[in-house]
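Taking the form predicted on its own, here's one chain by itself in structure tokens.
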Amino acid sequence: MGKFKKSSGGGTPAISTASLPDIVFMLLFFFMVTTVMREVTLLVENNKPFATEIKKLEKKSLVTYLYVGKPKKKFQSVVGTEPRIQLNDSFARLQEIKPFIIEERTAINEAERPLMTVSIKADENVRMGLVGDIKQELRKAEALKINYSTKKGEVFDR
């Protein structure tokens, strides 16, 4: 009979790292595609009210947002505690809404301008008088498609 020798270097073979760059780039591409960048930093509290009949906006690129609410704690020493309007990343007065809407409208493709919607994201504690004044300014700017942002749920009496 023949003699069989045992090999003395019986360790585990090395793991191949040839496909590692492919996996890293695939993960990088996945996170780049699925990540949504925040467009606006909220300066006001925005606890939206509840509503039962809601509809999702279709083309978010044609939506301009107006935020209304009490300033966050870190801004209250500067601007006070009364509800304020936020346009993009700054506080605004009622008179600044019309130029803001006109500027936003000019940034949109001319064929899609009639489809522009203004979404009012008002805190549930904001009085309707301020919201009514905002609507008057939007009428002056000829922004007649208005949406109120809400949370889905039952409306409770307080």
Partner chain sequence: MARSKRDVPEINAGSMADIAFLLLIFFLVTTTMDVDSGISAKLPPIMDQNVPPPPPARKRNLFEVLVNSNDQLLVEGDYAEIEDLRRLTRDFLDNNGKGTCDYCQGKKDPSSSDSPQKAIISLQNDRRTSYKMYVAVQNELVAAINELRNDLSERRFGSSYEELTKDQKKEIAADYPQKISEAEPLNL
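Note that the rigid core is defined as the largest set of C-alphas that superpose within 1.5 Å between two forms. Just so we're clear, the structure is a prediction, and the values are computed from it rather than from any experiment. Positions refer to the first chain, counted from 1.
Heads up, the form predicted together with its partner chain isn't pictured, but that's what we're talking about next.
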property: Distance check, E53 to its partner chain in the predicted complex, heavy atom within 4.5 Å; result: yes
property: Exercise: I101 in contact with its partner chain in the predicted complex, heavy atom 4.5 Å; result: no
property: Partner proximity in the predicted complex: G11 to its partner chain, non-hydrogen atom cutoff 4.5 Å; result: no
property: Partner proximity in the predicted complex: L20 to its partner chain, non-hydrogen atom cutoff 4.5 Å; result: yes
property: Any residue of 74 to 106 that, in the predicted complex, places a heavy atom within 4.5 Å of its partner chain; result: none
property: C-alpha of A111 off by 2 Å or more between this form and the one not shown on rigid core; result: no
property: Threshold 2 Å Cα movement between this form and the one not shown at M26, rigid core reference; result: yes
